[in-house]
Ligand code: ADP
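Consider the single chain below, provided in structure tokens and representing the form predicted alone.
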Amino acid sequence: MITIDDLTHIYPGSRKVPARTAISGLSLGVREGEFVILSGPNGSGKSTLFRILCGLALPSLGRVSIAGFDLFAQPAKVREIMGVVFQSPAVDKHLSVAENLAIHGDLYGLSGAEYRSRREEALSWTDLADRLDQQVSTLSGGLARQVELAKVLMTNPKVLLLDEPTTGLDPVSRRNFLDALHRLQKARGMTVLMTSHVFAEADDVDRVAIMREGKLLAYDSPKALKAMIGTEMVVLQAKDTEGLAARLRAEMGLAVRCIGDEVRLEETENGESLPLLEKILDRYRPEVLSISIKQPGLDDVFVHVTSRAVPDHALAIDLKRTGS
């Protein structure tokens, strides 16, 4: 449904600012009916990619087709089947819920019985039925997001693009929004591509794409990505992270990695981690501040493929959700 072929985008430089490559030779395909999350650190190129897919920017090189239509040669055809939820609110806060929906329907030529039917269907999953006359500025963040998604759904998109739609939502509102999105995606058979910094949001999707510095580093199902680093991993903190890592490599022959203030022993299987933990403590206990065995999550996959610590806000939101 979405095919990205050898896409490159270079922001031109000036006398003071050198040219910058935001996307470099990226190729990616999203099958019809899939729910895909696109993630990556700040500056990875995902925002530039999102702008290109929405038709807000033209790439330097490469091709994009959506439902068989060339995005750049046939943009009107693509717009007919695409819906977009931007990170920044795209509703008029000074108007009521009903007025926002009516304006969007009018832009797409919806009126009369067809408009009323589309609106009723789009609102059926929301908590907005009793708030249609309420000004959007008086709604909570979660309800305002529901207005945006309901507005987009009135046009029955085959492809839905969302740019970090849960930004600013509290954990309950975020979970409710995502649950509704998954139900709608499955019920309508929509193809969904969503950018996100929150790795907990990716556990239930079909595939996850991880970008860094404009390149695609990994793209697979959450289960397959986690399997890249084994079923268990040993994570420890030490007084001298680099020093202990060097000794673990030289004296015990362990393939450890330093990520921030952590030493990680990845790619271990069930039952292997505990004996390793005991051996490490036997030899290096005075140097170890903490040590643990954990099952890898998508945040660990992110660290593994990017060799960069997970953004603090991504973990903070996940901790709120889980109550940890």
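One-based numbering along the sequence shown. Since we're looking at a predicted model, the values are computed, not measured.
Unshown form predicted together with this ligand; subsequent notes refer to it.
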Q. Looking in the predicted bound form, any heavy atom of Gly45 within 4.5 Å of this ligand?
A. yes
Q. Ala22: heavy atom within 4.5 Å of this ligand in the predicted bound form?
A. yes
Q.
Is Gly55 near this ligand? Define near as a heavy atom within 4.5 Å, in the predicted bound form.
A. no
**Q.** Pro41: touches this ligand in the predicted bound form, heavy atom cutoff 4.5 angstroms
**A.** yes
Q: Report the stretch among 46-54, 65-73, 283-291, 255-263 that approaches this ligand in the predicted bound form to within 4.5 Å, counting heavy atoms only.
A: 46-54
